[in-house]
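Below, in structure tokens: the form predicted on its own, a single chain.
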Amino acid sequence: MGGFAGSHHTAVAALEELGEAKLIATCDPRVKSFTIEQQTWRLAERGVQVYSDYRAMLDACHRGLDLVVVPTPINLHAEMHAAVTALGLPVYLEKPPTLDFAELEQMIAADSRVRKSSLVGFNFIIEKPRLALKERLLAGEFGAIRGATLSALWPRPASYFSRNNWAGRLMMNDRIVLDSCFGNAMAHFVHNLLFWAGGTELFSWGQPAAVRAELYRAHAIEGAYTFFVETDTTSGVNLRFALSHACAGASTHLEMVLCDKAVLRYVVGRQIEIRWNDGRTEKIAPEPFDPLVENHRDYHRYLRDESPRPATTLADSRAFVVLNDLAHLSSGHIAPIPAALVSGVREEKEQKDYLHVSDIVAAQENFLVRGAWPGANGWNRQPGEVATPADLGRFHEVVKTMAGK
């Protein structure tokens, strides 16, 4: 019931107020720790049954359900998805579905036994301005796509990495986790960039053909929380990603799509600009958008046969999961950011401590604009090797080595 699951409860409650949904049951293994939340959501008044084991909940309630929402830790997604689909029920599965390419294929197979496909909750694919721009891209209005970039800096305090037992982990109990800014916190935006680079259909994603990456850590964690990743897609589009939690101050993120006739600049929830090569600038005002409410609504429309497909299926997630896995393969190890570049920052208002890399903004710009890797420019590591989908057979062993297994 905590974390993002609480946000799902709030979204479903809002839809219930509008007569668009009805929450039947919910579950948490530490249900007694969430008495305040249960009162806030008025679960007893709404007739919502509360369980401490999801298997008991499914056994008792499955005949009265239309779908099950799974907003749980990454390492539980496959197990819970399998249990729900075995009952013939579709799943609203929080992103990422898994970060193990082999496990994803098992989940896709499990999904095939249900009449309706599961939704993977990458939140921003259904934004109307995004879909309208993608249609214009496909129509050729901006010319051919030559490349796209994603820059994102989201400060996270030291406490972020101790909030649960899987934060910042590569593996748990010999299972892949790969929690990171790239694979989890900022996964929406990574998935967005692949969406821009898709094929000839609206709901399509660019498929990684060759990946190079340098992964870093500043915090005392197992995984990486600073990523520099480059991939060429099978259609020849170059994508670059520079993401980090090793920063302080305001959060920033920017998706850019580089076309023959224009550059598209997209900041979720804030601004959308088209900068034409002839000097024109076109600005599009983002519409008010509650991602969870609207994603639930969109999935409900699909389940009622009012739309042809979910925004993102498990199969649609292949590009994202493979890209994340190839980034780890390419990097080979997670390098420490040089200590001389890292300083502690105390935010007195929040009473929280952050680590900040002094040249993080410059390192991102040099990589995204000039293709200059930080390892060769003061961050003191060898470049990552080129990894392709043919290398995925080595993925599990490489992650085990990274995790010291």
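We number the residues from 1 along the sequence you see. Note that the structure is a prediction, hence the values are computed from the model and not measured.
The next section is about a form of this same protein that is not shown, the form predicted in complex with a small molecule.
- Three-residue candidate spot Thr149, Leu254 and Arg265; no residue lies within 4.5 angstroms of the small molecule in the predicted bound form by any non-hydrogen atom.
- Residues of just one listed stretch (300-308, 156-164, 141-149, 236-244) have heavy atoms within 4.5 Å of the small molecule in the predicted bound form: 156-164.
- The contact residue chosen from Ile221, Met80, Val293, Val322 relative to the small molecule in the predicted bound form is Met80, the criterion being a non-hydrogen atom within 4.5 angstroms.
- Checked against the small molecule in the predicted bound form, the residues Pro208, Gly121, Gly198, Gly168 give one hit for a heavy atom within 4.5 Å, which is Gly121.
- For Thr313, no non-hydrogen atom is located within 4.5 Å of the small molecule in the predicted bound form, even though that partner is not displayed.
- Using a 4.5 angstroms limit between non-hydrogen atoms, Leu76 touches the small molecule in the predicted bound form.
- Not displayed here, the small molecule is kept clear of Lys116 by more than 4.5 Å at the level of heavy atoms in the predicted bound form.
- Using a 4.5 angstroms limit between non-hydrogen atoms, Val398 is distant from the small molecule in the predicted bound form.
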